[in-house]
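This document opens with one chain alone, in structure tokens, the form predicted on its own.
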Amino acid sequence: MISQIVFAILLVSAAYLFYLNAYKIIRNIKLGRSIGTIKNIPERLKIMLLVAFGQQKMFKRPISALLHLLVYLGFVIINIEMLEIIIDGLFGTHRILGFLGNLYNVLIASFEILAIGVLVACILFFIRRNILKIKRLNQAELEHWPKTDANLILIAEILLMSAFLLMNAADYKLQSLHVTHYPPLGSFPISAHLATLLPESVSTLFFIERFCWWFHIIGVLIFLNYLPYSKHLHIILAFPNTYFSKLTAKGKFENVASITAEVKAMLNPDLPAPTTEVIRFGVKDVQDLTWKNLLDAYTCTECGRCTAACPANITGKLLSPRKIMMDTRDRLVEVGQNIDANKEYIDDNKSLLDTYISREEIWACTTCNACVEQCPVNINPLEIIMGLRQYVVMEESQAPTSLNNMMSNLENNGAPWKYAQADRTNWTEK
């Protein structure tokens, strides 16, 4: 009974803590501007199933995609057994779903095969990141915490899968010794071989089985509450993020609604003046972004496919689309902490532009959309970059000289080049 009470307290505490963290994340995302009415629900569901659930875009890199799919399926399916663990933990039973008979055997066997697959895949991922040092996984923005975060998750997965298999191995051996409370249930294609390495002592086997059981469940609950602080939050947010993907062509830029309204009012005085007060043109801080941009930031997997495909980054320029998303998330978290501390946002003399993202970065972008195309969960760094540029141009009039010259020529000559409008067709004469 004591263990059941302890288990219940741990379970409720972990669920409540996750709720608090999830609430803060949702609150932070809602700081963004509206994106209007969501339409084309069938198309959005299709994208979510293909891109998030089916991991369609991952397979542009087949080897890492297969390993990731194995970890993803293993993590999701193996945690189906969490249902049984929770019931057993609350009611003091053991393998309560054993009444499923042959189906239960198939399930346990499948869990074990997936577990060993996840274990091998995580070891390979760890080797790729830390020994082979794949370039996109070892760039400047991943130094310190981001690199530690990735390694912590891989190590946690390795330990959880090892504990799961070792728990089953001890259980299998206790079953074979006909120990009370361990009826012959389940099929153990992997852990049956591990069982041969375990001692014959019933008390030692019982300790191993119980220790691994508690290690596994506590590890999962800790992992659940670690997610809000980790890039691995994408295992939850990838689904809504792909659902709310932009459905128009990637190269289509939307007009700024507030500017359009003012221009129309100037061109036609008979139209009513815009009723919505414009606080700022473009983006200076995270509150100027849309909530979808902020959801993008929280969903970023830090995989670096965007940066690896970015022509500006490839040619040595400062821009890294991955860093744009990481900086946006870091600033959003800082703003959220400001609200938590002061009950409302108090100006801290910081902003996304300049404090986190430099002007050199935003002007290095070629707007080619390679980062958007490559992202496995449909994140759009370009929208953030363009918003920052709009602020610099429209609020500060501080565009680079080359752009100012071009825009002046467009205004005066109707072309990017500096010649009279009367000479526009001279090139046709020869």
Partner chain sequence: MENTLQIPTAAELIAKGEIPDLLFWVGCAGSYDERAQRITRDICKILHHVGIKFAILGNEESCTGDPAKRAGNEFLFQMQAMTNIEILNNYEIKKIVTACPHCFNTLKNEYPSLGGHYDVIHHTQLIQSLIDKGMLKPADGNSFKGKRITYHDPCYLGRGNNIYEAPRKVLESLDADLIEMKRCKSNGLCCGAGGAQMFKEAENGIKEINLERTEDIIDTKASIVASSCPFCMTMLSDGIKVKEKEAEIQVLDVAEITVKANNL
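What we label the rigid core is the largest C-alpha set whose atoms superpose within 1.5 Å from one form to the other. Since this is a predicted model, take the numbers as computed values, not measurements. Residue numbers count along the first chain shown, from 1.
Absent from the display: the form predicted together with the partner chain. The rest refers to it.
**Q** At 4.5 angstroms, heavy atoms only, are 311, 410 and 429 all close to the partner chain in the predicted complex?
**A** Yes, all three are in contact.
**Q** Applying a 4.5 Å heavy atom distance criterion, does residue 49 contact the partner chain in the predicted complex?
**A** Although the partner chain is absent here, residue 49 would stay clear of it in the predicted complex, with no heavy atoms inside 4.5 Å.
**Q** Taking heavy atoms only, is residue 92 within 4.5 angstroms of the partner chain in the predicted complex?
**A** Because no heavy atom of residue 92 falls inside 4.5 Å of the partner chain in the predicted complex, the answer is no.
**Q** Can you check whether residue 267 is within 4.5 Å of the partner chain in the predicted complex, heavy atom basis?
**A** Residue 267: yes, in contact with the partner chain in the predicted complex.
**Q** Wondering, does residue 402 line up within 4.5 Å of the partner chain in the predicted complex on heavy atoms?
**A** Flag for residue 402 set to yes.
**Q** Thinking of the partner chain in the predicted complex, which stretch from 356-364, 106-114, 165-173, 298-306 has heavy atoms inside 4.5 Å of it?
**A** Correct option: 356-364.
**Q** Identify which of 211, 281, 75, 291 has a heavy atom within 4.5 Å of the partner chain in the predicted complex; exactly one of them does.
**A** Contact with the partner chain in the predicted complex is made by 281 alone.
**Q** Would you mind checking 130-144 for residues with a heavy atom within 4.5 Å of the partner chain in the predicted complex?
**A** Heavy-atom contacts within 4.5 Å come from no residue here.
**Q** Using a superposition on the rigid core, decide whether the Cα position of residue 410 changes by 2 angstroms or more between this form and the one not shown.
**A** Shift at residue 410: below 2 Å after core fit.
**Q** Aligning on the rigid core, do we see the C-alpha of residue 422 shift 2 angstroms or more between this form and the one not shown?
**A** Yes.
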